[in-house]
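Presented as structure tokens, the chain that follows is alone, the form predicted alone.
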């Protein structure tokens, strides 16, 4: 915007009145925070920028994966910036939580805030409340150019204007005839500032909603929207910037090349481009990720902080979801060709995959919990028993101390439990998709938990007569008594099964399943029924992995003691 000399002089006077202590200029900042020439030309610099106002949303983790992939595969930089300008809503401990949760999923930034009260990198401070001087330098620059002005409107005046706009069904905001302080003469502005009137600083937009602006979204392609015509607030009365202005100053001087954010920020992009242009900065490339949706009956809706526990990253950590499984799942909803690639590269993980922005969906991504659980099961099944033990110890020490103490009390025994395989082929661990399931899955291996379940639930074996009338209490007792008499812990699996069949046949059970299915009325039950009696007596479970292996691990004394206790309780 062209200014005559007198107006230009008065703009400088106004700028000095508002910022009397600001001596540095935008040019000084350009020197202090130069282009990242140490990176190759195609390197991508991106950031995650949470506000410390509560828990980290699953959508932020989703975006952090995009940051990590883009920066890593381009040999660039991914940094964390804390956007704490809304200090009234700040929740203590949020920054510590953010950094720890990103670390859990292997998404620790290369630069910026890497822990509470710890920053690394040459483009800081990386916490907005510590960057106040930078924002004031940039705001002064806009005032000097006549592109920012003090607004003396009170909250009550703004609210009244908004109510009038809503009543007249016009677009709400501070623009055009509704921008009351925009057309105050600069002499009046200078006079009112000198008198000490309270004000905020607004951007003077020269856009028009009647004109279109076009920009390229790296995931969605060319987008056309109405130009910005809003005179948005850039500095609040406390001297801190709004999101809009901080975004422009921070991403320019941190030399961000790609801004990855949720699609809810898409309508704000014309404002941001307008501000970048006013500052004389080239705007970064934008990537707007789709919302994460969740099923709600027969429809879908946005994942809600208030309604859905899955909206918090902490839910997955506290539940003990393995990071590998969650990462794999998020990548399947981020890139449409990931699953095909994974099916051809089963021994690789998502960091080996070439992420493509143009393969991102523009529609909402559905959070499919059953699919997530299945992927987590696959990841746990790949782990050795030793690794599962270590993961369970790490998780339970934080979230289930009683179970931790139990598992840690005899590590050699626990190592055997978590190393157990089903039928010597399929791992028992394949049934687990989060570490909080482990206690329930393996409870019968730990006598104190087993006894507690019996006290709370009772003996499930008592339900057998209801399921199959021929399996009376007398049949169950006799089956256990006869089996106890011949049980030999030194038997091989084949010998063990042969001995079981011998007792079963003696008591009228059919040991040939084909014959039993053909003539079920001729028998008390099948060998499978006999095995169920033993299984339920030993584990108080209807379904378990290989009962032979379980009995071997429990030992003869515990195995026989549990069968005798069952007999006494029937």
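Residue numbers count along the first chain shown, from 1. All values reported here derive from a predicted model rather than from experimental measurement.
We do not show the form predicted together with a small molecule, though everything after this point is about it.
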### Task
Could you check which residue among 104, 265, 178, 353 gets a heavy atom within 4.5 Å of the small molecule in the predicted bound form?
265
### Query
Among 136, 434, 261, 202, which has at least one heavy atom within 4.5 Å of the small molecule in the predicted bound form?
261
### Query
Is there a non-hydrogen atom of residue 49 within 4.5 angstroms of a non-hydrogen atom of the small molecule in the predicted bound form?
yes
### Task
Although the small molecule is absent from this view, report whether residue 315 comes within 4.5 Å of it in the predicted bound form, heavy atoms only.
no
#### Entry: 4.5 Å heavy atom contact, residue 243 and the small molecule in the predicted bound form
yes
### Task
Examine residue 83 and determine whether its closest non-hydrogen atom to the small molecule in the predicted bound form is within 4.5 angstroms.
yes
### Task
Determine which one of 41-49, 503-511, 517-525, 534-542 lies within 4.5 Å of the small molecule in the predicted bound form, judging by heavy atom distances; exactly one does.
41-49
